[in-house]
Every structure is written in C-alpha cells, then in structure tokens.
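Presented below, as structure tokens, is a lone chain in the form predicted alone.
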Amino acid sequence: MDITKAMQAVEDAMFATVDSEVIVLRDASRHILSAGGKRVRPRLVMLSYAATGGQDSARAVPVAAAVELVHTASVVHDDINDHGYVRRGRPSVNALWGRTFALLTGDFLFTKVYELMAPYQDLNIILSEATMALVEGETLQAAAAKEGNLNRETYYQIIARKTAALFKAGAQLGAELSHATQEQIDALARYGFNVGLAFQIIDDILDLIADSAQLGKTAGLDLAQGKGVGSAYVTHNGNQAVAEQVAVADDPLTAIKQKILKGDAIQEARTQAAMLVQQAVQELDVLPESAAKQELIALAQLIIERDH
C-alpha cells in the first residue's frame, strides 16, 4: 500500500463528507480541515491495516477519515472551551464564526462520523467507546482545572481518555479491518494507547516551552487554565502552595512557567514519554516485517522528537 496515496484518499474523503448546502457548516468545516494537522490518527489506521496484511486501502479510508473527524470535531469544541483563537496556524473556527457556529460545526463533524461508519457494523462500537472516553477525559480535565486539584494521577486518567483512547481505537480498527489475528489486534491496541499517552505528554510539554508560531495554536492555554502536564507535575512534586501563589500573580502564566522550568518536571515528563514509546514499539514484535511496520516504529519515535 502506498501510504502517501492512501492518506490523500483519506483527505479527499473528509472533504467530500463535510459538503453541505448550509454554507456556514461547509465553509467552517473546510476551513479547519484545510489547515492540515499532523493526521497521526488516520495514519495509524492505514498503517495498522497495511502492517497486518490489508491490501485494499479503499476499505480502510472511510474509517481513517472518521477517526480524524472525531479528533477535528473535538478541537473545534476545545477552542470554544479554552477561548482559543489560533488553530493549526490560522484563526480558529471560534475566532472567525463565533462560539455558536463553532459549536454547531463541531456537532456537524461529529455527526458526519456516523455517515462514514454506517457500513462497518460492530466496528462502530470501538469508535463510539473511544469517542465517549474522549468526552469523559475532557470533562475530567475541566472539572480538575475548576477545582484546582490536578495532580499526576488525575492527569494520566485524563490523557488516557481524551487522547490515548482514540489512538488505541485507530490502531485497533486498522487491524480489525484486515482481519488480523487477535494477538495482533490486541498488540496494536496497546501500541496505539501508549503512543497516544506519549503524544499528549509531549503536546503538554510543548504548551509550556514553545510559542504560538511553533505550535500553530495559542500557546500556554492549558497551563494558564491549570490543565496541562506542568500543573500536574508541579502539584505532584509538592509545590501546590507555590502553584496557588503564582495563580494569582499579575502574570500567572509566566510565573508558573518560570517555576516549572527551574525544576526537573519537563525532563521527567520527557522520560516518561520515551518509555511509553519504547513499550509501544515492543508491541509490534508480533507483526511480520514490512514497510508499514517500520513506518509505525518511525511514527512512534517522531512523536517524542517533534517540536510542534
């Protein structure tokens, strides 16, 4: 399978799916999709499919598109919740169309997933469980930020649901589509889950140390709202009082960053992400050697090496 052609087919499928006679829904959906993105989740679907013997890429394309639309819908809604005005290097849907139309665009994208997944019968269960977990994770995160009780244990519960569950589903769906062995399906599910955890940890580190131009979104929002890895590691390391003091400073974001970057929290988090990727790659031992397997290994490594 030519992964470049397969990913272009996924892109085409997403744009075809979001066509609508309601112009604002069509334009807002095209806006967020055309901004690009890493497309890690649909790539996981396609690579898992190929690495377990899948031949007909057209069979997996709609599922890969559906997985990415779940993610895209969630970031549209995230930008409402977080007051984010930059996404993927351009104004967010929230910034251009306002909160009401951003909410409806996210809803539209979520419902388009049903259309894509309708022919796939029981595979809908896998994706629906991941989508439910995503919403649960976002809710846990909002509650922890509101209550000011984000610690490391809660942080891992959040990212397991809001990020890792969809990565797991993507890898599992690819294997299911190719009729892989149960051993291979289970291994790829664990691979996806660990890669998803590592991805979110690195994402949260970058929220601490990168600027908006690097990230393609508004930097520091998670930290400012008490949601990210920085808040979790500060609290875990016994500095809750410090975190509370800087939260009411004139510039709470800068104050928290200065405190975190003086310690070893960033390196701790990077080490944890690297361990998760190592565990993920080991899961691939059950797969036969192939170009797709090597790309899965490279994808996992790229996640901890990226700077945006």
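Keep in mind the model is a prediction, meaning the values are calculated, not measured. From 1 onward, residues are counted along the sequence shown.
One more form of this protein should be noted, the form predicted in complex with a further copy of the same chain, which is absent from this view; the next part is about it.
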a further copy of the same chain in the model of the complex reached by all of A118, Q121 and T131, non-hydrogen atom within 4.5 Å | yes
Select, from the options 74-82, 189-197, 148-156, 172-180, the stretch whose residues sit within 4.5 angstroms of a further copy of the same chain in the model of the complex by heavy atom distance.
-> 74-82
Tell me, yes or no, whether V286 is in contact with a further copy of the same chain in the model of the complex, where a contact means a heavy atom of each within 4.5 Å.
-> no
Does the 4.5 Å heavy atom contact test between V135 and a further copy of the same chain in the model of the complex come out positive?
-> yes
Answer with yes or no whether V10 is in contact with a further copy of the same chain in the model of the complex, where contact means some heavy atom within 4.5 Å.
-> no
Flag A292 as yes or no: does it have a non-hydrogen atom within 4.5 angstroms of any non-hydrogen atom of a further copy of the same chain in the model of the complex?
-> no
Which residues, if any, of 168-203 lie within 4.5 Å of a further copy of the same chain in the model of the complex when only heavy atoms count?
-> none
